[in-house]
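As a starting point, one isolated chain is supplied in structure tokens, in the form predicted on its own.
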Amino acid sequence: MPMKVCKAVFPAAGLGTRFLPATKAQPKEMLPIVDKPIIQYGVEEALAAGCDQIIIVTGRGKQSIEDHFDVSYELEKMLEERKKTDLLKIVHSISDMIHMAYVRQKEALGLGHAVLMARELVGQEAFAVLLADDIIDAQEPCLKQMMRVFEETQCSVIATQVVEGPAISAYGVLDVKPADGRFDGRLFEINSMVEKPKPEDAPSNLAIIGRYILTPRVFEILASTPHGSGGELQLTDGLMALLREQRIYAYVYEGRRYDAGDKLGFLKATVELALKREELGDKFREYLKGLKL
């Protein structure tokens, strides 16, 4: 029977040091872009792709993530009494969004370790991993595009985008071969992957982006993969081992990606997503045009 992807894992135990002092007392994932926290964009994408269970891997100081997706009785009562029905609807839509489960990563020991923490909640099912820092604005949600690939191939799928020049050295980079022109030439079979290579050593210009669909075998492999430098367990190391047993595909998604884990990327996302908002776009555009830059 073909596997379906119903569960999405969000690693969210990192310290968010690039956004200090804002992240000293609040999680980076809760920083707002326009009026929604970073992580909500990813959760909405997973929901739109057909996932009905969200697993968030948290750590110390991440309680506000749980509170955000929970019912807020006092706030809802106040909004109801003041007849602020539009705001009440927004608050309800968050708490009613989807089934949420949480697992604690006691130490930040790498992305592979964070994914491994979700093993018991995922079980023997294929599952998605979304890195909330990567906000992808697309007509068809990025994860939904990847779901179509998974449904056809029943193999792990990694999202990728073309990155030109020296910037490629900030990413995991894929060595690939074309997958028979399927999916409009956007699908590639992965031969190997290299973590943050020098530009001259990069095997291609295809960078790994924070969306994955993985088969459950990856859990057994991660559990037996040695921890690398700094005692961290890297997902890339686990995927390289999985590649020796199973095919893994790379899919060049359609959409605009913002790196919200970077200050400049965060600002770009705020401006461009605000411009697309019906109630804000026109006024904000006029404001920007009036700036003396």
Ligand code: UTP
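Because the structure is predicted, anything quoted here is derived from the model rather than measured. For every residue, the number given is its place in the sequence shown, counted from 1.
Omitted here: the form predicted in complex with uridine 5'-triphosphate (UTP). The next part is about that form.
(request) Give a yes/no on whether Glu29 approaches uridine 5'-triphosphate (UTP) to within 4.5 Å in the model of the complex, heavy atoms considered. (result) Close contact exists here: in the model of the complex, Glu29 approaches uridine 5'-triphosphate (UTP) to within 4.5 Å, heavy atoms only.
(message) Just checking whether Ile190 would be counted as a contact of uridine 5'-triphosphate (UTP) in the model of the complex - the rule being heavy atoms within 4.5 angstroms.
(response) So Ile190 does not count as contacting uridine 5'-triphosphate (UTP).
(request) Using a 4.5 Å heavy atom cut-off, state whether Lys24 contacts uridine 5'-triphosphate (UTP) in the model of the complex. (result) Lys24: no contact with uridine 5'-triphosphate (UTP) in the model of the complex.
(message) Please determine whether Asn205 contacts uridine 5'-triphosphate (UTP) in the model of the complex, using a 4.5 Å cut-off between heavy atoms.
(response) Answer no; every heavy atom of Asn205 is more than 4.5 Å from uridine 5'-triphosphate (UTP) in the model of the complex.
(request) Pick the stretch from 153 to 161, 216 to 224, 108 to 116, 197 to 205 whose residues have a heavy atom within 4.5 Å of uridine 5'-triphosphate (UTP) in the model of the complex. (result) Answer to the contact question: 108 to 116.
(request) Note that uridine 5'-triphosphate (UTP) is not shown here; using its position in the model of the complex, name the residues of 114 to 140 with a heavy atom within 4.5 Å of it, in sequence order. (result) Those in contact are Ala114, Leu131, Asp133.
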